[in-house]
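Form predicted alone, single chain, as structure tokens, below.
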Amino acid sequence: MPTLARHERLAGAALAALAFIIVALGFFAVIGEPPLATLLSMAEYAVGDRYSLSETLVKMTPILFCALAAIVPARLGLISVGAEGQFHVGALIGTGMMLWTQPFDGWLLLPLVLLGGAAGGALYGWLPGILRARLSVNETITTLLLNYVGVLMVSAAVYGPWKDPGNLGWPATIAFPDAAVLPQLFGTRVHAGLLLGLLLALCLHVLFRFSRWGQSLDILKGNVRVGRMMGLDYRRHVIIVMALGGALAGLAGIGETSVIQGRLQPGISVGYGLTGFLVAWLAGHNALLAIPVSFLIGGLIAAGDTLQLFNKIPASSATVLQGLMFATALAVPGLIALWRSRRG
């Protein structure tokens, strides 16, 4: 039976992929582009050469972290959509750590910056966790609203006290010194944050599947009352998973800010938080499956940027394709379930 169920899931995924390709071809036809040639161009721009692949991996990195940030609370049945705000607050606190320790410029600078990013994100996840655990305030609403606050906090800092006078009016901090930047790999913009994200995804998968903590989350997600009878503290677990998810998004924020942007400024995220939430859902809240899904979405975004440059197709086409992908991934299993129910 487990093998049959696995085969059914694979067949469903294959049908969803086929449906997405058909829908994508139709979309290109509607906007007046040669469907097959444009789809092949997107694949080439995503993974066709060393530069394209590296840019896909650059886009994949923050998406993966933000997906993990949503997956951790989801293992307890919580719906956190706050990765965007946690991303920005992690970038803010990590940058603040750089500004505070930058005069020392020692080997401790990078660990302190990363710790600041993780702590900022964790704090921003801890707050809605406390509200849910202590006051039963819905975490979906609080995390959604806090996203806007996090973005505005970054704007307030870079337009105000942290603005570098040498930027000729541009709202941004000073550049991150080399000692505060994650190493870049193979002469590309891909940085060590990708390796960290892959390692964390593997560790979370192992913890969820094989650790006592993972079993506790499963029990509490299934039935809080049963978990309490077994001595499990639901409120403490809520706070832990929300803070841990926030820390992951905070790491994404400081990694993107320090390595890719080079300084804290507005627009450090192109919706990575929401994209990560959708990736987490598409991966079934499986930390390992989030890796290939993040890669696929990263490739769509990278290819969309290149299509705009060379094919004069709006970069928003990549966003439309993301929406079509999520829609087909939702619709196909639903149609399969409807067909089975009618057959039965």
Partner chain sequence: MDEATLILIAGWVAAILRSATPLLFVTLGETLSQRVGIINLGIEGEMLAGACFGFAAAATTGDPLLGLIAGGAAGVVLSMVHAGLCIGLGANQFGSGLAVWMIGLGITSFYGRAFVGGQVDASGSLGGSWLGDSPVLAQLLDNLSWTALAAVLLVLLAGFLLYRTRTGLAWRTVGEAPEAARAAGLSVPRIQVSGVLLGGFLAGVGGAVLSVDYTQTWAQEMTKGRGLVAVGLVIVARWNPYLVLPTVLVFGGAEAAVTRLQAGGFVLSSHVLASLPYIIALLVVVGAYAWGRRGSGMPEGLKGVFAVRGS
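Numbering follows the first chain given and starts at 1. Since this is a predicted model, take the numbers as computed values, not measurements.
The same protein also has a form predicted in complex with the partner chain, omitted here; what follows describes it.
Just one stretch in 245-253, 177-185, 221-229, 208-216 has heavy atoms within 4.5 Å of the partner chain in the model of the complex, so which one is it?
-> The contacting stretch here is 221-229.
Quick one: is R75 in contact with the partner chain in the model of the complex, heavy atoms, 4.5 Å cut-off?
-> Contact with the partner chain, no.
Give a yes/no on whether F295 approaches the partner chain to within 4.5 Å in the model of the complex, heavy atoms considered.
-> Answer no; every heavy atom of F295 is more than 4.5 Å from the partner chain in the model of the complex.
Answer yes if any heavy atom of R132 is within 4.5 Å of a heavy atom of the partner chain in the model of the complex; otherwise answer no.
-> Judged by the heavy-atom cut-off of 4.5 Å, R132 is in contact with the partner chain in the model of the complex.
May I ask you to state whether F20 is within 4.5 Å of the partner chain in the model of the complex, using heavy atom distances?
-> It does not: once the partner chain is placed as it appears in the model of the complex, F20 has no heavy atom within 4.5 Å of it.
Can you pick the one in I31, A43, L309, A37 that has a heavy atom within 4.5 Å of the partner chain in the model of the complex?
-> Contact residue from the list: I31.
Who in 141-170 is close to the partner chain in the model of the complex, meaning a heavy atom within 4.5 Å?
-> Heavy-atom contacts within 4.5 Å come from I141, T142, L144, L145, L146, Y148, V149, L152, S155, A156, Y159.
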